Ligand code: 13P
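In structure tokens, one chain follows: the form predicted on its own.
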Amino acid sequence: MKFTTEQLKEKINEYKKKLSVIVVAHHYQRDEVFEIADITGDSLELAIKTKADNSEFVVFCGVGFMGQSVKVLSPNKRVVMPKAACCAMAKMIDGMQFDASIKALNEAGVPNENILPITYINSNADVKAKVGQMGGMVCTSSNAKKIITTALQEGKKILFVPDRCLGQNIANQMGLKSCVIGDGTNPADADIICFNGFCSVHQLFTVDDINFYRKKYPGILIAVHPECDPAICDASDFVGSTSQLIKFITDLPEDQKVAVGTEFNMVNRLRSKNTYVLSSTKPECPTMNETTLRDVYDVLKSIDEGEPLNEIQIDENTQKWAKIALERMLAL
């Protein structure tokens, strides 16, 4: 049956009142979904906030690794996703590829006892579990520098997965040497050894885009996410996580122009004036934009009928070690 947008919103709100559910949405979700959520935020923020909620079901509007993080931190909750969307970066590495990375370091003369792995939260539960088993932990874009600073106190080399850009940007900030596995350099010579993963959306931004905006609008500020290439971050005025970008930009005087290098939906909601997207094309995450109001309605309907769609399941061993990796981060 077809419904108008307003009818879908009405039916979704009816289910929210009837069922023991909480609807959460990431900042990158399309407006119609973001607006009907009970909780909004970045991935870790959503996992922490839902942990404090007493609802039986979490309807997670985002991508798979985020829903998994909720399930890992709150194993007794039932987590369902309106759309079984996957983060392209998280899909770039799995447990087998993690093991292959460790093997590559071993062959380069770096033994396991000299490796401390850190995984960006943008990774699936099996990778978080592998990291946890090796004594490592998770990080976010906002706390990566703090996590790496603490980890380096163990005197080991950091294996950073899966986002090479975040790893390289943090290394540059700290004056450390980094490399990317497979780039032809010797990992034994680096402090931070990065897996060759990346965010396709944040690869859209170029130094030419920055130069264009600086020429067109003298005095404009450039604010970007650390998932951007190091050359972009080096040429910008501010580099920060999703939550840090939101604060920086919303705190600016209304007449201050700013060009932002991150996902379009979030940028579009920040300020009504003097805010530009740092790209000649629309930097829209395809998987984040898969979820529609109709999907939210359908998943709520499935819960009401006793057959929840797209429920996240994680095996006991993966759950255990992924939680350990996450809790090591939260302890800091």
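Numbering starts at 1 and runs along the sequence shown. Keep in mind it's a predicted model, so treat the numbers as computed, not measured.
Beyond the structure shown, there is the form predicted in complex with ligand 13P, which is absent from this document and is the topic of what follows.
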Residues in which of 235 to 243, 171 to 179, 99 to 107, 215 to 223 have heavy atoms within 4.5 Å of ligand 13P in the predicted bound form?
235 to 243
Exactly one residue in Met66, Val267, Val58, Val33 has a non-hydrogen atom within 4.5 Å of ligand 13P in the predicted bound form; which is it?
Met66
Quick one: is Phe205 in contact with ligand 13P in the predicted bound form, heavy atoms, 4.5 Å cut-off?
no
Asn122, heavy atom within 4.5 angstroms of ligand 13P in the predicted bound form
yes
Thr291: touches ligand 13P in the predicted bound form, heavy atom cutoff 4.5 angstroms:
no
Wondering, does Thr50 line up within 4.5 Å of ligand 13P in the predicted bound form on heavy atoms?
no
Heavy atom contacts to ligand 13P in the predicted bound form at 4.5 Å, residues of 6 to 36 in sequence order
His26, Tyr28
